[in-house]
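We begin with a single chain expressed as structure tokens, specifically the form predicted alone.
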């Protein structure tokens, strides 16, 4: 059965879900997006994702010609049309059709489309055994170039680091900022545990303010686990007792090796496993 894609106000068959080659989202990566989970047929942290989308759009002066309520209704319609119980939504807003020039204000109407499908980012066994990763040579974009809070369609910076990971036969890479501090992974936020305290880089270091990140921080606090946002170095990662990543698709996944250095006892640690369980319970509550 073909997917139903929501495109500019209507559900269409995936074969008919087409955008113009003159759309500035295609020509220049000019647009914003959100990746959103669906658990038990409910859109996870829906309002937080929609709020972030509109904030990203405002950051690049992109006008979304729909209200938040209309957009949420469109997502719910798309999820229902595709029978998604536990899956993934990709919500995109492009600048729309323009010319071959850079001027974004020639584009009169933004293009909105919604894909609802199934997703599994990592094999299930990796959540039990933990993941090996590397440090990327590719430096995270300078925050004065592209603010990390903007979840834009131009993901080339992340893709270059992802290529490094895949070239080294691992699924993920840690990206560092221009000052040498940890920013984020190619698609996930970074957490470490040291002496029972959880540390994560601040958004200013070059990371996206992840929705899953925020949920995990709150879940940790409810378990009376101290969480501190601070700049982290490569050595902090190497010497961590535990190390895990969070993201919409990844959820919570433990890291057991980086750059050939074993983390802790070489398996996901107790705080990582606790927060993964608490996240699962919260997502399905």
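Positions refer to the first chain, counted from 1. All of these numbers come straight from a predicted model, not from anything done at the bench.
From this point on, the text means the form predicted together with a small molecule, which you will not see here.
A.B. asks: Considering the small molecule in the predicted complex, which of 200, 177, 82, 158 comes within 4.5 Å of it through any heavy atom?
C.D. replies: It is 158 that has a heavy atom within 4.5 Å of the partner.
A.B. asks: Is there a heavy atom of residue 247 lying 4.5 Å or less from a heavy atom of the small molecule in the predicted complex?
C.D. replies: Looking in the predicted complex, residue contacts with the small molecule include residue 247, since a heavy atom lies within 4.5 Å.
A.B. asks: Wondering, does residue 78 line up within 4.5 Å of the small molecule in the predicted complex on heavy atoms?
C.D. replies: No - in the predicted complex, heavy atoms of residue 78 and the small molecule never come within 4.5 Å of each other.
A.B. asks: Would you classify residue 187 as touching the small molecule in the predicted complex, given a 4.5 Å non-hydrogen atom cut-off?
C.D. replies: Residue 187: yes, in contact with the small molecule in the predicted complex.
A.B. asks: Taking the small molecule as it sits in the predicted complex, is residue 35 near enough to touch it, meaning that at least one heavy atom pair lies within 4.5 angstroms?
C.D. replies: Heavy-atom contact with the small molecule at 4.5 Å: present for residue 35.
A.B. asks: Picking from 54-62, 212-220, 229-237, 22-30, which part of the chain touches the small molecule in the predicted complex when contact means heavy atoms within 4.5 Å?
C.D. replies: Stretch with heavy atoms near the partner: 212-220.
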